[in-house]
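Here you get one chain, nothing else, as structure tokens; it is the form predicted on its own.
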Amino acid sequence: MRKYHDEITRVAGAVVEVTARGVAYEDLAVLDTRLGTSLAQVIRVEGDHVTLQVFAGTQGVSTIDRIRFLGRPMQVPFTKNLLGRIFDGSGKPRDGRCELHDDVIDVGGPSVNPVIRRMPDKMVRTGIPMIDVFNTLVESQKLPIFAPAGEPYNRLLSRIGLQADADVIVLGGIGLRHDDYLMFRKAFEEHGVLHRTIMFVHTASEPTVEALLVPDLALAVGEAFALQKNRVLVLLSDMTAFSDALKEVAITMEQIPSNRGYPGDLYSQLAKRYEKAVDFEHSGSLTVLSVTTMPGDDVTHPVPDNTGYITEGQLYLRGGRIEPFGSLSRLKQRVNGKTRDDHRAIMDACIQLYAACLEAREKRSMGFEMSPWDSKLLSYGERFEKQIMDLSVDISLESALDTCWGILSACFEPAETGILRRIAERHWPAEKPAEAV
């Protein structure tokens, strides 16, 4: 029997302080209160002074209640029966089905030793041209989606989950609105991918502290499936809500705040989760694609600012589209030279011409006279936005490359694109599209 401790010295927010010995950081504890039992986790140990965060909040907790430490960190059952299931932020079933009590694995462990990691070199196909062609997602990559409020980032994330070339999809929803949770669930059910999906969902109406568990639960399960030679894609939304939960707990603990009130270890807390992305030698891979909302569309906000130092690029979502100039996949060069010989040429030419199109639009808006070249650029920009940039476009990488060639041939001569002659001769369409200008 574990010893009970009843020397609770302070109750504040979702945090309880108690005097105890022989307790380790991240150990679990059970609080016996007049309203029942509550689960808590150790978040600070200073001698015999222990601070815990209570997952369900401290309503009903008093200084006369008792605490029993379990002597182990948070654990989650791991079995193939997890597939198709939906859980809340504390790992309890949300789908009305039974709890699982199979083999358990620890949550929140260290990231994988770099010695046993493979260099990323495999493409993750998504069916979205602005990702597959221009910002290719690579297995074991950690890539955030930076988005201001109001952008359809959760719908984009669900589309990637539906179409990505992966064996297992793990969704970690943090502070989701209830209708966003239902959107994810409905999309996965209707498109027949729920059988290979596991969802850990914390909604905005639930205790804030449970938001801190979601990434660790999703990544622990994802890592275990990756070790069984599966290609795993972990989707996290939204890491700014996760960071806000960290800030709330830090304020309650009276920590000295850093930039905009966030805790000083924000970078380490984010890196601890993102560094779980890995491609195992002789096994599977775990890829992390997350959403980071930017309050006020401010990329210097502490959460996107710290995230940018950790991850391997970012996708900017603005105006309902993936912005081509701010977006970057730092690992795309490791795979897009292996896809098709024209991939890099198309990628460079299309973006350069689209940049020139935006300059032509600016000239037009300022009342300058349009040259024939400007007219070609304007026509190209309209086609490119409609046939490639629109997020509703769902085509394979090869079809997207062919579509880009069709757009170029409809608007330009081969020499005007800047593409090497030997590549253009091999891929230039024999006839202009019927709607060519």
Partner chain sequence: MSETGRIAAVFGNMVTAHVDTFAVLNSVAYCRRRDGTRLLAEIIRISGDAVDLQVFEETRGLRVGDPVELTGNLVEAQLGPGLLGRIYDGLQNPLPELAAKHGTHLLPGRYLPPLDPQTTWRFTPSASVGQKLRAGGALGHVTEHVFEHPICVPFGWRGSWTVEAITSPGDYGCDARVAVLRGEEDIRREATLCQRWPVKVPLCVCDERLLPTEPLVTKIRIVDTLFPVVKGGTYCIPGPFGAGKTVLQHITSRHAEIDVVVIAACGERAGEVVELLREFPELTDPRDGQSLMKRTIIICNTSSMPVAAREASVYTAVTLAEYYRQMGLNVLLLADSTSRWAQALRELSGRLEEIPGEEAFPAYLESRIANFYERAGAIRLHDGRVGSLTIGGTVSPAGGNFEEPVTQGTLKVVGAFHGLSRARSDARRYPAIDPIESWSTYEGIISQEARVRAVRLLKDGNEIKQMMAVVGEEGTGIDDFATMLAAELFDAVFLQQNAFDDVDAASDASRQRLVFDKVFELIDAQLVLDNKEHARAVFVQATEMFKHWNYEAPQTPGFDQALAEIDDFIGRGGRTL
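Throughout, rigid core stands for the largest set of C-alpha atoms superposing within 1.5 Å between the two forms. Quick caveat, the model's predicted, so the values are computed rather than measured. Numbering follows the first chain given and starts at 1.
Keep in mind the form predicted together with its partner chain is missing from the figure; the text below concerns it.
Asker: Using a 4.5 Å cut on heavy atoms, which of 344, 80, 318, 229 is close to its partner chain in the model of the complex?
Answerer: Contact with its partner chain in the model of the complex is made by 344 alone.
Asker: Tell me, out of 281, 165, 103, 121, which residue has a non-hydrogen atom within 4.5 angstroms of its partner chain in the model of the complex.
Answerer: The residue from 281, 165, 103, 121 that makes the contact is 281.
Asker: Taking its partner chain as it sits in the model of the complex, is residue 22 in contact with it (heavy atom to heavy atom, 4.5 Å or less)?
Answerer: Yes, contact at 4.5 Å.
Asker: Give a yes/no on whether residue 366 approaches its partner chain to within 4.5 Å in the model of the complex, heavy atoms considered.
Answerer: Taking the distances in the model of the complex, the answer for residue 366 is yes, it comes within 4.5 Å of its partner chain.
Asker: Decide whether residue 311 counts as a contact residue for its partner chain in the model of the complex under a heavy atom distance cut-off of 4.5 Å.
Answerer: Because a heavy atom of residue 311 falls inside 4.5 Å of its partner chain in the model of the complex, the answer is yes.
Asker: Any of the heavy atoms of residue 372 lying within 4.5 Å of its partner chain in the model of the complex?
Answerer: Residue 372: yes, in contact with its partner chain in the model of the complex.
Asker: Would you say all of 26, 268 and 272 touch its partner chain in the model of the complex, counting a heavy atom within 4.5 Å as a touch?
Answerer: Spot residues vs its partner chain: full contact, yes.
Asker: Would you point out which of 199 to 207, 174 to 182, 299 to 307, 234 to 242 contains residues with a non-hydrogen atom within 4.5 Å of its partner chain in the model of the complex?
Answerer: Going by heavy atoms within 4.5 Å, the stretch is 299 to 307.
Asker: Heavy atom within 4.5 Å of its partner chain in the model of the complex: which residues of 248 to 274 meet that condition, in order?
Answerer: Residues within 4.5 Å: 253, 255, 256, 257, 258, 259, 264, 265, 267, 268, 271, 272.
Asker: Does superposing the core leave residue 133 with a CA shift of 2 Å or more between this form and the one not shown?
Answerer: Yes, its C-alpha moves 2 Å or more.
Asker: Using a superposition on the rigid core, decide whether the Cα position of residue 113 changes by 2 angstroms or more between this form and the one not shown.
Answerer: False for residue 113: its C-alpha shift is below 2 Å.
Asker: Comparing between this form and the one not shown on the rigid core, is the C-alpha shift at residue 24 2 Å or larger?
Answerer: Shift at residue 24: 2 Å or more after core fit.
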